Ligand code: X2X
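Below you'll find only one chain, the form predicted alone, shown as structure tokens.
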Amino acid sequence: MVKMTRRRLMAASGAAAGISLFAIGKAHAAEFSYKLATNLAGDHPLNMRAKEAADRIRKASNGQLDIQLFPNNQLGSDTDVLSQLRSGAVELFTLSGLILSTLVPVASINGIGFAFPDYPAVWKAMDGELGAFIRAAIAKSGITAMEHIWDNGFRHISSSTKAIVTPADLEGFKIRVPVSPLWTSMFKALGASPISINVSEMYSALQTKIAEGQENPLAVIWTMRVFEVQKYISLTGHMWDGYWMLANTKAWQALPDDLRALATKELNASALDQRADLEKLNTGLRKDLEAKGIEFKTVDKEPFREKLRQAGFFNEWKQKYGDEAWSVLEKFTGKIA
């Protein structure tokens, strides 16, 4: 097992290192050769742990199941790869539930603004009834989601133009958001001008000032080198986001029972390892980002919540998800709206 540390993450930085780190060779043709696509840089903990899982699966199956890892949008944008997953051109894909919501609307419910106060509340919900509710909805679309969701982290707002400290600072602010209705809705409710851009195009959008800012967990800001084109990070923690390990259901069911059980076990085990990695990294990376010139701002979250309440954001999304889904969410978060 690879011990994940902040130093290890930093040492792994760089595209060339990332690509070579995840090149998976095949000594002989496997009975089942599956592609696993991710949208994260090669040195992100998710890819490191996914490679570990693929290695364990290959070894335990005596080469029968070979999962080849393609990090950093190598197989296309999130939208493209989701289509490939549905068609079977890609067998496995890690994707945020908030982006998956373009296909499975309820998959974004964990991203409701300021819903979860901390990690214990997140894992109790996502490993429990809320996660099961979402996975059942995903299954109806011909996609299988593994039991344990991988961590992306609590998201924070960065900016190249001004510090975001109060909701008023977001008025007219051009912020890059992923291609997801929930993100667009939330930042519009906060008074910003959200621009939906796939993660593969985010850096260039910030570099060319198409967007003034973006929002992501610290590990993504670090591994995608967003700090090079931003000046401030406001610790809003405005939503928690995770990556479902998704499989094309037909391809998944095509595996013999023993191989499917093996792959499920190892992928879920690596998800738990990655969660621990990321929680530590998102804490430790603040010092590294400050060393790169980033100025951090602490914010009072309540004025942002109140702005969303006044804009009708919570009630709107309660109606969209339905009473049953919202009731399950509030079992773990307490009353939101």
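When you see a residue number, it is the position in the sequence shown, counting from 1. Small disclaimer: the values here were computed from a predicted structure and weren't measured.
One more form of this protein exists, namely the form predicted in complex with the named molecule; it is left out here, but the text below deals with it.
Using a 4.5 angstroms limit between non-hydrogen atoms, Trp222 is distant from the named molecule in the predicted bound form. Contact annotation: Gly213 falls outside 4.5 Å of the named molecule in the predicted bound form, judged by heavy atom distances.
In the predicted bound form, at least one heavy atom of Asn152 sits within 4.5 Å of a heavy atom of the named molecule.
Among residues of the shown chain, Leu40 is one whose heavy atoms approach the named molecule to within 4.5 Å in the predicted bound form.
Stretch-level contact analysis of 299-307, 268-276, 32-40, 286-294 against the named molecule in the predicted bound form, using heavy atoms and a 4.5 Å limit, identifies 32-40. Proximity to the named molecule in the predicted bound form, defined as a heavy atom within 4.5 Å, holds among Leu262, Ala137, Ile143, Val199 only for Val199.
With the partner omitted from this view, the residue of Met245, Ile99, Leu218, Met186 that lies near the named molecule in the predicted bound form is Ile99 [heavy atom within 4.5 Å]. Although the named molecule is not shown here, in the predicted bound form the stretch 61-89 places heavy atoms of just one residue, Asp78, within 4.5 Å of it.
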